[in-house]
Ligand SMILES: Cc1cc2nc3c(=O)[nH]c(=O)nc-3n(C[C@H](O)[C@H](O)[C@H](O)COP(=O)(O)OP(=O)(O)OC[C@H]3O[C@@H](n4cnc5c(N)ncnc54)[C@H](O)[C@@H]3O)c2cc1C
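Coming up is one lone chain in structure tokens, specifically the form predicted alone.
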Amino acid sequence: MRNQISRKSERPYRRGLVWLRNDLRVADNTALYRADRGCRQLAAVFIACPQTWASHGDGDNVVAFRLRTLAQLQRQLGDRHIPLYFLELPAFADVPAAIAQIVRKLEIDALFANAEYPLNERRRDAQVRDALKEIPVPVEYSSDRTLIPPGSLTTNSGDGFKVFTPFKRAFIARHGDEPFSPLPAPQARSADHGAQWPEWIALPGDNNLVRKIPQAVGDYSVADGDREHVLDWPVGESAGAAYLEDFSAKIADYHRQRDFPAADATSRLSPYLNCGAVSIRQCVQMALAENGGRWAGSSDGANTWLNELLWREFYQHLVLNYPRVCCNKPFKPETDAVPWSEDAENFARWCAGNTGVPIVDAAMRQLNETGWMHNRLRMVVASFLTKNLLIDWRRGERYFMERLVDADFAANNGGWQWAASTGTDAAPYFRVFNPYSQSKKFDPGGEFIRAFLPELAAVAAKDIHCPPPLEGYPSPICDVHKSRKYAIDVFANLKSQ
């Protein structure tokens, strides 16, 4: 349960510490709320781990967005006289000992954090709990990133769901009447509260200073990055709330407009959900209000978006129930035998947006230039890489993680494995997106293509989806019909074996 602290036990601890991760907001932050209710004095800490982040594929875009959001959060906590400390350590392995030292030096009585579900994060969190048992200081991990705790929704046999539709049915049957009401922000402490906490503390080792921010974030080398387009995204809780409010005005038409990349019809909330500037409950509350309080109500647009939020939920549950997907393995073990192509030139052309297939190239250049890609196009380019070029989905998954400002492991891995037919899905392996028909259907006038492929600006609408030979634009990298048939044969042979 998200809120179990009773009034009788309110604020039983003198000093509490909130360990922030990808939950960078004050409103509807379960760990922060429970710490506020349970502790008379309160501080927060954020620990950057650049080596582990890099090993997980987190690129400059998502890291810069995360840290800029953190600096905004410091101001919000500062207004409530709650200090926020910052520490940089190389890797997750260094975190348990550091937190134990912080807890000792700040005389902390309880640690609060929101649970994270990928395998390495769960191992780190278990090690932190073990380290604090020796002090002893209790650790409380709350369910916050998902609507319900992963692992709590199972099949009749007690297993985690492997297919989305049964998961959705079970979720609505068991939790469809719950309000998922957001929690309030923490109360402001007295003005002298912040003065009771030191400006910095030193830990054993070289340069291990735990400092109050925002100065610390400004010193962090990745925060500014070399990708100026990331700065085009406003950051922080107020920016996420503004995007949510803006989307509420157009959600009614979402089901009709969401697949057209040239239209401003999607929520663009994914970067804010990923770093926690917006909560999943805030999103669901808005959509349910539009939908008469029901998961399947009168608004087709809200129904569609709620369905997509449940896909996000499904993928978050998947990484806990089936941790092999966190180990660079396909969900379907037999698909590890697919003879993936090692063609480095084809992969490089796909990455750069130079395949000669306009909708694929425009989508990849949108990713490279803005750090974001329209969801319909994520499916198109993933299908093209894994089926038409038969290149390992893990290479595309990694490239997306390195470029996306909303790079979330669970959603990214789930989406790539879905496209590659290696993941959890009832659809057959012979589902292959035709990029030309997708282009004609969802960018009929070529508006999106022209926005990112200026070399095709003068091409007529009837030709832009598959242009004739043109100086300055490459010929198609493959025959989509022949390559589709080859991919289907590969998977069919795999299935027969």
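Numbering starts at 1 and follows the sequence shown. Quantities reported herein were computed from a predicted structural model and do not represent experimental measurements.
The discussion below concerns the form predicted in complex with this ligand, not included here.
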The unique member of Val139, Met379, Ile172, Leu390 whose heavy atoms fall within 4.5 Å of this ligand in the model of the complex: Met379
Proximity to this ligand in the model of the complex, single hit among Trp305, Tyr399, Phe92, Phe167 (heavy atom within 4.5 Å): Trp305
Looking at this ligand in the model of the complex, do all three of Leu24, Leu244 and Arg281 come within 4.5 Å of it through at least one heavy atom? no
Which is the contacting stretch out of 106 to 114, 130 to 138, 358 to 366, 411 to 419, given heavy atoms within 4.5 Å of this ligand in the model of the complex? 411 to 419
Could you tell me if Trp311 has a non-hydrogen atom within 4.5 Å of this ligand in the model of the complex? yes
So in the model of the complex, is this ligand close enough to Asn354 to count as touching (4.5 Å, heavy atoms)? no
Check Glu88 for me: does it contact this ligand in the model of the complex (non-hydrogen atoms, 4.5 angstroms)? no
When the contact criterion is heavy atoms within 4.5 Å, does Arg268 count as touching this ligand in the model of the complex? yes
Determine the residues of 367 to 405 with a heavy atom within 4.5 Å of this ligand in the model of the complex and present them in sequence order; the list may be empty. Trp372, Met373, His374, Asn375, Arg378, Met379, Ala382, Phe400, Leu404
